[in-house]
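Only one chain comes next, encoded as structure tokens, the form predicted on its own.
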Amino acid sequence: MGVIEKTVRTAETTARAAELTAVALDLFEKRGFAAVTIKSIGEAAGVNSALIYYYFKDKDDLFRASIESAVDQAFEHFQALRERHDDPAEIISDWLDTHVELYQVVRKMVKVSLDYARSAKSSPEVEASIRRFYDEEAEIISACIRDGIAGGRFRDVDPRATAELISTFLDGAMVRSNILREFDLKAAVEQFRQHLWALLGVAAENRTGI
């Protein structure tokens, strides 16, 4: 097999695996972890369920891959926004906007993670994938707050505690969006953003454009 053929084959394999994780995430969100089977995922994807085992060893492995895919999408989108500037307030603002712009993906991730946490299953690999999102989020936001304090942009607050506050609000907003159909996520995030700037000591006249 030549290099080009191998590259094409690898791309096709990656694309098919991505399709299966997207279908699986939808099913896990709609039906719950316990109710979803490899067979039902195969039916929804329009493939023989035996094919799924070519890409994933079992349902837990596919669930882990679905979570990883959602996490990757969120951080890739955020990174694209982040490359436009390096101001710490704008970077934090971009993370808030990522949750609005990737609402469907993040909402599904939060919902299936909650469902998995309530199930009797316990997989270190799955739990590590879920924790990865929060660990990376905490590191990014804490670093931004530390930079903002050092540069005189923010008042002296506890970076880790403030990062946890931001993360907790975003989780709560996603949970509420699962419960109340009329919940306006964009408006809630904007209101929180203004409270956050007040907490960080960003003067009102300096908030324009953030």
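The structure displayed is predicted, hence computed values, not measured ones. Note that residue numbering follows the sequence shown and begins at 1.
Below, we refer to the form predicted in complex with a further copy of the same chain, which is not included among the displayed structures.
In the model of the complex, a further copy of the same chain stays beyond 4.5 Å of every heavy atom belonging to H85. For the chain shown alone, E137 is a contact residue for a further copy of the same chain in the model of the complex, at least one non-hydrogen atom being within 4.5 angstroms. Although the partner is absent from this view, I130 contacts a further copy of the same chain in the model of the complex, with a non-hydrogen atom inside 4.5 angstroms. At least one heavy atom of K30 is located within 4.5 Å of a further copy of the same chain in the model of the complex. Only one listed stretch (146-154, 65-73, 38-46, 169-177) carries heavy atoms within 4.5 Å of a further copy of the same chain in the model of the complex, and that stretch is 169-177. Taking the partner from elsewhere, every residue among L114, A117 and E164 has a non-hydrogen atom within 4.5 angstroms of a further copy of the same chain in the model of the complex.
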